[in-house]
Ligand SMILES: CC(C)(COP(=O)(O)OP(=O)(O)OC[C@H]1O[C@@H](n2cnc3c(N)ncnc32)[C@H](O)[C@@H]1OP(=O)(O)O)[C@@H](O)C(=O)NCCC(=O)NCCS
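Before any questions on binding or motion, here is one chain by itself as structure tokens, the form predicted alone.
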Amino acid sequence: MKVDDLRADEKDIYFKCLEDWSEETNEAGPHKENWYNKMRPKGLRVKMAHDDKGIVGGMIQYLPIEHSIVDGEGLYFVYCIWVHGHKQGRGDFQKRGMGKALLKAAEEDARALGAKGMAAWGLSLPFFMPASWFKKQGYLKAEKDGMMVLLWKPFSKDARPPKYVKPKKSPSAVPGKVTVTSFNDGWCTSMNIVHERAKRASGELGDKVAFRTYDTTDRSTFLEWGISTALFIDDKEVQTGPPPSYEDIKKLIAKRVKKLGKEKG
């Protein structure tokens, strides 16, 4: 196994989170590439794990916490570690130590860049990015918000723990219309798929629906709302993990359109 910096010829694979075999990732649009291009000058780092045959099986992306979706100083923040675990495409690379190797390489890189520590988010349930896995790698809990756990590993005594940015407000509806609001910064392929499905469904339902989007790669926009990625129908947030199908999103919006018609009547 070998962990290296992202190569130019691997970018297309990276932009699709190693799932270039999946038709679903074709729905994600250019958002991840746009996020990468905006964040690279701000210190975004990406590493890829290769097996003994040179096949990419895992990836990690991290950047200075000051440009991330949490508050902190002098740390690097891990947006995600993903080791391909599907039989399709490149195959299942999980349970081979790739995740540990990627995290170790990122930590060593961050130390060399002068970071005071590393931060990451995790889930309290044993799904994607489990907090329990990070704890086994020496990470400590900084904060918890529902199933979301903010973790960190200090490298120096003067390091300070990160904090969540709390939501500050919810979007309001456009009068007389069903209002679909998407907050998206582009780093997550799954959320990019949700964004594109919601946009397409809103367009197909006509002028009864207003679709709005906020680009939270702009940190001032993110801090204004305290929301990085989310989908709202009027003032109600939609569950987006795992990504709901296009049909389910369209049904949710259409149901609200029908209710709005009755209210007007």
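The numbering used is simple: start at 1 and walk along the sequence shown. Remember, predicted model here, so these are calculated numbers, not experimental data.
Keep in mind that the form predicted together with the ligand is not shown, yet the notes after this line are about it.
- Every member of the trio Gln94, Gly99 and Pro130 reaches the ligand in the predicted complex with some non-hydrogen atom inside 4.5 Å.
- Between the ligand and the residues Lys168, Lys104, Lys136, Lys163, the one pair within 4.5 Å by heavy atoms in the predicted complex involves Lys136.
- Interface residue among Pro126, Gly89, Gly176, Gly114 relative to the ligand in the predicted complex, by the heavy atom within 4.5 Å criterion: Pro126.
- Here the chain stands alone, but in the predicted complex its contact with the ligand, taken as any heavy atom within 4.5 Å, falls in 74-82 among 74-82, 106-114, 168-176, 150-158.
- Proximity of Trp187 to the ligand in the predicted complex: non-hydrogen atoms within 4.5 Å are present.
- Although the partner is absent here, Trp121 lies within 4.5 Å of the ligand in the predicted complex, judged by heavy atoms.
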